[in-house]
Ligand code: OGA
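Only one chain is included here, represented as structure tokens and corresponding to the form predicted on its own.
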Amino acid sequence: MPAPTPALSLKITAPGELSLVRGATTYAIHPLWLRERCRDAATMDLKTQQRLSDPSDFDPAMKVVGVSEPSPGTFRVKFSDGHEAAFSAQDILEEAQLAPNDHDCPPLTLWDGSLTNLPRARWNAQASETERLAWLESFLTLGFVIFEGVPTSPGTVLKVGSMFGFTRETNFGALFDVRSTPNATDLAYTSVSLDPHTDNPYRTPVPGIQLLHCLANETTGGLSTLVDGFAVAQALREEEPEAFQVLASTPVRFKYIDGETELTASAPPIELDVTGALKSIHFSPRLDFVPLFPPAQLETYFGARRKFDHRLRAPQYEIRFLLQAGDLVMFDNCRLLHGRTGFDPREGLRHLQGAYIDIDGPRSLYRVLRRRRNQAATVRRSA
């Protein structure tokens, strides 16, 4: 059994030195890092929480010339430019423990086809902050949430989306109708089955979150499908590292054309952030065009794409569920791939309305609601 990781603490280790300490490891916090985080009125506009000066103008040779702890957990620091400021140990330790790509949201839980306890919630247009926080925790953790009991009035999807963020309007409109129509300009508007894909990879930026609201479903087919693209990509990274690297480094051109629109953008099928962590999936076999690389390079790419695609379509990773009238699924279009089984439009009407919102909306709302909850808890403890 591995030994527990020692707790991180903040200590004065020299007259002009405030240090992070974890077990036998100690290092002094860089003076400029501290100076940039001063939160007094001379440094920061206290209402906007924005700096009043450019930190690149600070003296590069800035030093900490004095540190004291006037009360437990509060440190007073004096800098070589004459400025003094108070720092909360809790604030510094919380930031110190964030990973470089951690934006202060719940950690992801990767899932596969064995996921049976789907994140479902009863829709409430007047939901309390506690309810909304629970919804957001499910969404940010698993990448989706299914609301039940959403009124089936046309346009309701926009009202639901507005509770979490700002609508992202596209050439399809602020909302779009998903139903089988003659002369369809997209296969989504037919009755054929759709393999797992991400929406709009031909846009820059890609719409981050999609909402699909079922107004009517009178058919026996048309099951909705979801795949956790991050789970599949992570499995590929562990089992086929060379294929993973090819898909993370090959720019693929995605294109959409209709009578009034021609959109194109390039992105790797598996996009990583600067730390090498998974950032986004760009995958739509109906719309991807790899550039004309030399034959050997294309041979490698096609083999890697095949391995990824076959995993994406494997029952091992896919979940299926029926969206009934009044159900609405909201999912992360940068992480999850969605699709549907085919259906017979002669059986009856299958009508969904969709909309997009930007990916940062739910994350912002989560942080705000969590801050309010924590502030309320602090007030109750001090009462």
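Treat the numbers as computed from the prediction; the structure is a model and nothing was measured. Note that residue numbering begins at 1 and tracks the sequence as displayed.
The next section is about a form of this same protein that is not shown, the form predicted together with the ligand.
**Q** Exactly one of Val178, Leu247, Leu278, Val145 has a non-hydrogen atom within 4.5 Å of the ligand in the predicted bound form; which residue is it?
**A** Looking at Val178, Leu247, Leu278, Val145 one by one, just Val178 meets the 4.5 Å heavy-atom criterion.
**Q** From the list Val64, Leu352, Cys334, Cys38, which entry has a heavy atom within 4.5 Å of the ligand in the predicted bound form?
**A** Only one option qualifies, and that one is Leu352.
**Q** At 4.5 Å between heavy atoms, is Ser284 in contact with the ligand in the predicted bound form?
**A** So Ser284 does not count as contacting the ligand.
**Q** According to a 4.5 angstroms non-hydrogen atom cut-off, is Cys105 in contact with the ligand in the predicted bound form?
**A** The answer is no: Cys105 has no heavy atom within 4.5 Å of the ligand.
**Q** I'd like to know whether His197 contacts the ligand in the predicted bound form, with contact meaning heavy atoms within 4.5 angstroms.
**A** Heavy-atom contact with the ligand at 4.5 Å: present for His197.
**Q** Test of understanding: in the predicted bound form, would Gln210 fall inside 4.5 Å of the ligand by heavy atoms?
**A** Taking the distances in the predicted bound form, the answer for Gln210 is yes, it comes within 4.5 Å of the ligand.
**Q** Using a 4.5 Å heavy atom cut-off, which of 337-345, 55-63, 41-49, 22-30 contacts the ligand in the predicted bound form?
**A** The contacting stretch here is 337-345.
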